[in-house]
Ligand SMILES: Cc1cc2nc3c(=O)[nH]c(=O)nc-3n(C[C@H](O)[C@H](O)[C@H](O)COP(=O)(O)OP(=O)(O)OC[C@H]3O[C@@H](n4cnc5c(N)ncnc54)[C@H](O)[C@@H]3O)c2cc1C
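Take a look at this single chain, the form predicted alone, given in structure tokens.
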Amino acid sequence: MIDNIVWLRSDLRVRDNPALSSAMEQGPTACVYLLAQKTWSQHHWAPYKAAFLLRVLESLAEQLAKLGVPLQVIDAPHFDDATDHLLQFSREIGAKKLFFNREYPLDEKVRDEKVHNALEKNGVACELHDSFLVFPPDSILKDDGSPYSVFTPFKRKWLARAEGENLRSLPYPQRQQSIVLDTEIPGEILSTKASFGQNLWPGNHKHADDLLETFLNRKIDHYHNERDFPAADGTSKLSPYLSLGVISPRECLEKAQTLQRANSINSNEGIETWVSELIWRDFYTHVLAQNSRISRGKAFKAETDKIEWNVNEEWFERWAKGETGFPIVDAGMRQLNTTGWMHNRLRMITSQFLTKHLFIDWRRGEKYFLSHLVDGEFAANNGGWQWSASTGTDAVPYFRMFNPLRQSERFDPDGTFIREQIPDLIDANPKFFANSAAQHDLVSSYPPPMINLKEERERTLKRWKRFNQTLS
């Protein structure tokens, strides 16, 4: 007899999984995962992410089996199919209660509400938890109860709560008597085999744990200095594992806090900077959950939906392929296209180049990133793009634009990263990367700059000024 079902989604782990822990405390439990390939395709899932998911599910099935918990993987092509499949599964195994951790984008919230209502009506109780963030939406609010739209005060409130609550992640659940169900994980989804990208992004949980431990023990002290340099191995590379819930953000925070307390004599700027990234992750998801218009492809600043963006397919294609003639931009795009990941500093550089210098709609870039990123996650990706485009909450001012040549000088001064990504530039003089227009004849196999930066900057400023005048 199986009493409980845990419906797994973006929480693919056994440690610090509130829904799984609660279910196993209340009786014999089975887990289910629904493959929503049609909806994922509509949500622009990347091949790297699809393959990574299959590898994670294989690893998760092994971990659950050690706890005596079976994992059933079911094809449910659309989110709208979830209710019927979960009802059928509960009837097949005789379960009377469904547990799951909340998800926050609009389509996911609508799906979950339908499942909740339908199962309750059919005699299957539902118990909901939160696991994707350190603090769930609506738990960090202003003193008057309204949500934050600016990061810095949100961060202050978040840090005060984190310190006051002394958070502790949940341990492994106690093993139950083994339950056997057929567990078959497909070798391919979304026309992508499970082996795709496995050398870049291993899907096993031990690898995620090892990444975290290596980062905390060897890198975090220098994180604030090295995180902006793409040639340096200065970041945690945990974002794909956080996006699917392979590792818990609360556990990340707990371990960082433990490390900070062990060195309480001096503050550690590296730890503080990394914790800020966890806070940004919470912040953007809170904003998404509190503003449904964002899930509908709208800007946070509603008035900016009226901006008339450039429509230039040639420019967009050159940006997407990494053929703009600006080496730092092209290196970032080629890293994305060949690895499914892009260094965070480069995400800002490439997105600002598209939205500010080319003045192309941020939604096109947002979609392109989602369709290529192994760590593609809607709230964080959307928040980053709207920040770059000056259309979002706490957005960069419209007149602030990253100059890709200056960014190259600052963050890849000798062109080490650029050379790794663009073989044509392997022998280029470092001066080329900061002034590729003047130096182009020295590297004739690489395309010349597609625009004049100064002219396009001035054109963008004039567009924004005209637009702001229409609002006054």
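These figures come from a predicted structure and were not determined experimentally. Note that residue numbering begins at 1 and tracks the sequence as displayed.
Beyond what is shown, the protein has a form predicted together with this ligand; the following relates to that form.
Exactly one of the stretches 336-344, 190-198, 152-160, 135-143 approaches this ligand in the predicted complex with heavy atoms within 4.5 Å, and it is 336-344. At the 4.5 Å threshold, heavy atoms of T324 stay clear of this ligand in the predicted complex, well away from it. Using a 4.5 angstroms threshold between heavy atoms, E303 stays clear of this ligand in the predicted complex. Interface membership of F353, defined by any non-hydrogen atom within 4.5 Å of this ligand in the predicted complex, is ruled out. With a 4.5 Å cutoff on heavy atoms, F99 does not count as touching this ligand in the predicted complex; it lies far away. Only one of Y398, F229, F369, Y148 lies close to this ligand in the predicted complex, with a heavy atom inside 4.5 Å, and it is F369. Checking Y223, F316, F359, F79 for any heavy atom within 4.5 Å of this ligand in the predicted complex turns up a single hit: Y223. Taking a 4.5 Å heavy atom cutoff to this ligand in the predicted complex, the contacting residues in 344-379 are N344, R347, M348, S351, F369, L373, D375, G376, E377.
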